[in-house]
Ligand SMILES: Cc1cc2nc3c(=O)[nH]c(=O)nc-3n(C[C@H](O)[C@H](O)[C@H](O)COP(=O)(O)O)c2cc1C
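Consider the single chain below, provided in structure tokens and representing the form predicted on its own.
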Amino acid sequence: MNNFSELIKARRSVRRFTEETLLPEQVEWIVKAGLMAPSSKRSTPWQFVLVEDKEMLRQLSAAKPHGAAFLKECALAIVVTANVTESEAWIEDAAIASILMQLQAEDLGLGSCWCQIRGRQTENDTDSAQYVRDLLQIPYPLEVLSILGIGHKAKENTPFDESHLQWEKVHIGRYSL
């Protein structure tokens, strides 16, 4: 990637992947980006569970009825968790780590998509976070925020069109209607 502006325009949610696996170096770069993320009071409450097993990816895709099916096709799922006793800002901390991993994936020419887990339900009305916790044996006090699906893009997406920027949502000095 030439520069950050081009990177953030290029990063789009990718839900279709090829069957090609990731190189260990690619996975390492992505995880490093998450581990370098800033956090409140440098608490670093996040922990990541990496999943490449196709059967487990299929099971993770059932974590909620809408918006998780793409996990079956990805090469790598990163389950983003955080220790709620280590930071009152665990949600924000884990979200920042997530977007850094997504940006690193894009910089490597890979695609990614965020799958929201916290606050969602499975098709059977089970708490999605509890479903993932049970599936991957994630202990308390870790909470599951999301799952990032990562892989080789089945097709290139069009970069973000800056004509869609909502400048009306920017206020200078104070909020104005």
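Numbering starts at 1 and follows the sequence shown. In this text, all values refer to a predicted model and were calculated from it rather than measured experimentally.
The form predicted in complex with the ligand is left out here; the points below concern that form.
Scanning Cys115, Leu110, Val132, Ile30 against the ligand in the predicted complex with a 4.5 Å heavy atom cut-off leaves one residue, Cys115.
Looking at Thr21, you'd find every heavy atom of it more than 4.5 angstroms from the ligand in the predicted complex. Interface residue remark: Lys64 is counted as part of the site for the ligand in the predicted complex, having a heavy atom within 4.5 Å. The ligand is not drawn, but in the predicted complex it has no heavy atom within 4.5 Å of Phe48. Put simply, Lys153 is far from the ligand in the predicted complex: not one heavy atom of it is within 4.5 Å. Picking from 53-61, 31-39, 134-142, 115-123 the stretch near the ligand in the predicted complex, with a 4.5 Å limit on heavy atoms, gives 115-123. Contacts with the ligand in the predicted complex, taken as any heavy atom within 4.5 Å, map within 6-35 to Arg11, Arg12, Ser13, Arg15.
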